[in-house]
Structure formats: structure tokens, C-alpha cells
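First comes one chain, alone, set out as C-alpha cells in the form predicted on its own.
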Amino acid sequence: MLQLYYAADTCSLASHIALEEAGADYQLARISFAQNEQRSPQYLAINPKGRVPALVTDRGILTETPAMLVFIAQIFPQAHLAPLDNAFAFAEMQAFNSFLCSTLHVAHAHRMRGSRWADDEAAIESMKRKVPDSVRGCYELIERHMFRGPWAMGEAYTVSDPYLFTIAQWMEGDGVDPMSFPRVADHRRRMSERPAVRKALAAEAA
């Protein structure tokens, strides 16, 4: 059985939703950031990076959301969560997910994780002030050039959709008005109506 280590209000929600969409048999293990459990010896033995998510499989442990999403799509091909028979379309999906991971998520992280990149308090405050602009720039790219519609990669729902939905939950906190990006906002609304999304959100809120 798969086991997902997650924390509420983090990118682990994307993998949680994907597991639900796939109809996977899995267990949840909650990590409390408030209690610093991500730095506990027990969790560091699972993920030495000290971050979530982590997915325990019968082959070993996976970390990093893009890798986990692809793994879920591949081991549950009947769920049709990725274009597994089209190498180019699969690579395009990976490019989309990589942008969310390495650019948009990093821009967001400057709001509360500035100490990863600087020790100087003035520099950290400067990073925080930049977040609305840098995050907004990411959504401008997604809205105008990357999002195909009706789903992220076009007609077919893929693992890119729960990933975009998850990160889009942080728009307001990052100082970005969702209504400035109607395609992303509509996607977020439609995703919130999916049964798998509702189930994952309810489980993480419990």
C-alpha cells in the first residue's frame, strides 16, 4: 500500500488529489510544521530533505511533487492522468509541472522562506515585497501562454491540474488577485467541484 506523508496547505495536496483521482489504495501520514515534525529524526529517516510530500511505495520512497505525480499516473494507467502513449505530450506536461515546481513555487516561497536564500533581514524583507510581482508574472505566463483549456494541458485532465489547483490556492496570500487571471480562476473553481478534490481537502482539514 502507498503511504503519503503530507502537511496541510502545502504542495502535497497535489499528490493527495492525484491518488484520489487514480482510485489508489493509500494511507495518509500527517506532518505538523507547527511542531517541526518535518525535522524530527523519524521523518528525516524517510525524507532527509525535511520537506513534504514523501510517498512510500513498495519500490522505495519518492520525493518531489513532479516525480510523484508522474509515478501515480504511470502505476494507475487506467485513470488516464497523463498522455502515457505520446512522448511529446508527456514531455509538455512535464515542462508545465517543472515550471510550477521550480519557478512559481519558488517565487511563492520567498514570502515565508526567505531564510533559505539570505541571512540579512533587510534582504529577506526585500524578497517578501517582491513576491506579488514575481508570482503575478508566473500567472501571466500560465494564463496567456501555458494554460490550454479547458484543462491545463488541453482537453484531457492530467496530473498538471491538481498541481496547478494546489498552488493557485495561495494566490491571495501572495498578494495576487485571482480575478486578474480568469482562466486560472475558472480552473480553480471547476477543480474545487471535483469529488476527488473535495475528498482530499476534507481529509486534510480534519
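Owing to the predicted nature of the structure, the values given are computational and were not obtained by experimental measurement. All residue numbers refer to positions in the sequence shown, first residue = 1.
The next section is about a form of this same protein that is not shown, the form predicted in complex with another copy of the chain.
- Although the partner is absent here, E37 sits far enough away that none of its heavy atoms falls within 4.5 Å of another copy of the chain in the predicted bound form.
- Although the partner is absent here, A123 is a contact residue: one of its heavy atoms lies within 4.5 angstroms of another copy of the chain in the predicted bound form.
- Among heavy atoms of A67, some come within 4.5 Å of another copy of the chain in the predicted bound form.
- Of the heavy atoms in A79, none are within 4.5 Å of another copy of the chain in the predicted bound form.
- No residue in the set R183, A185 and E204 has a non-hydrogen atom no more than 4.5 Å from another copy of the chain in the predicted bound form.
- Heavy atoms within 4.5 Å of another copy of the chain in the predicted bound form map, among the stretches 24-32, 175-183, 154-162, 140-148, onto 140-148 alone.
- Contact annotation for 43-65: residues with any non-hydrogen atom within 4.5 angstroms of another copy of the chain in the predicted bound form are P48, K49, R51, T57, R59, G60, I61, L62, T63, E64, listed in sequence order.
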